[in-house]
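Only one chain is included here, represented as structure tokens and corresponding to the form predicted alone.
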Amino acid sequence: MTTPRLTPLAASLPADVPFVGPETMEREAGRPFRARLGANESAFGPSPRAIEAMARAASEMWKYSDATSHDLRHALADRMQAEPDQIVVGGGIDGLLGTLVRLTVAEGDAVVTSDGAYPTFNYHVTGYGGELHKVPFRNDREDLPALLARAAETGAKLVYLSNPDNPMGSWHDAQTIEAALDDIPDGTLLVLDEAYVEFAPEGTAPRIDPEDPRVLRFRTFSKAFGMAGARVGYASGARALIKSFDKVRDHFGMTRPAQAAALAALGDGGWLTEVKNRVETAKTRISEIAAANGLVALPSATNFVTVDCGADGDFARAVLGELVARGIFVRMPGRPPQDRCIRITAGLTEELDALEEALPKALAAARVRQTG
């Protein structure tokens, strides 16, 4: 009998994915969630201009997309104070991370990340045979000095830092990152994931010359721009590295409607400001709901709030399970001690109403489970 002729590396990998999607969870439960507060999407949606642009572009779906994303790259270059040939566009940050790892990581190559940081990056590294070296969080933040020190110890090709951070919502200011640039080991690339930077305080995004070969920074339309389903991400970096993406990237991976919508979204600064304000309002309410239940909301520079459940990971998992059972989709950090928390996305008023109603019941049930 013929079997799949996988490479030895592929055959050795587990057949799983970094995240189980809420749709899968709804199918398994046989009912929809009352509140979708787990994936850090923007419930406030994309700019109306983006929706209109996508609708217009839909009639041209018979055409292949512009493989160079010319207009979008030029607009993004202005945003990033870069040149168009210092920008690459791809299928979300996830897709671009996969392309970067394919370009740079061979079997056995060292890569450094934080223990409990974004798992999709790890998924790509192990998928290409890289060896992950993990550094613990320090005070609920990614420990940048320790990450760079481990990169020097291991000769790492890549070192991953998200700023602001998922899953804790913490952040480093621009000065901290700028001061650390000279500590990046020779031959190591800092992979700077700025997916949530639009929500961060002024002075979070560092000033880095796009041509600096030590850093590649990633951003997305999935969060503040409300276009997670369109899969549009971009990276800014040195020309030689950006050009190398052409060696292996999916040249027609960006759809015409997604390109058009992203370009329109960039031109609607008023909508972006409105979304950021609504996110801040929702985060304040989540913090108030947490406090009313004796829980502590951690400071957040993102579109979610990480809530300390006040015990260990087992208790937080029980709280999460009880919330999910009550139709409230949330997630949580995967590694201790951060797994003492749950993570709640800024949502619509009616979703937060449902959270407010369900949380005390979930906490009570979780405490019964622990004592029982």
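So that there is no doubt, residue numbering starts at 1 and follows the sequence shown. Here the structure is a predicted model, which is why all the values come from computation and not from measurement.
FYI, the form predicted in complex with another copy of the chain isn't displayed, but the following is about it.
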Might Arg34 be said to contact another copy of the chain in the predicted bound form, defining contact as any heavy atom within 4.5 Å? no
Quick check on Glu23: any heavy atom within 4.5 Å of another copy of the chain in the predicted bound form? yes
With the partner left out of view, is Val319 within 4.5 angstroms of another copy of the chain in the predicted bound form by any non-hydrogen atom? no
Given that the partner is absent here, does Val330 sit within 4.5 Å of another copy of the chain in the predicted bound form, heavy atoms only? no
To verify the annotation, which of these, Lys276, Arg141, Arg231, Lys134, has a non-hydrogen atom within 4.5 Å of another copy of the chain in the predicted bound form? Arg231
Among 141-149, 256-264, 295-303, 282-290, which stretch has residues whose heavy atoms lie within 4.5 Å of another copy of the chain in the predicted bound form? 256-264
Any residue of 82-106 with a heavy atom within 4.5 Å of another copy of the chain in the predicted bound form counts; write them all down in order. Gly91, Asp94, Gly95, Arg102, Leu103, Thr104, Val105, Ala106
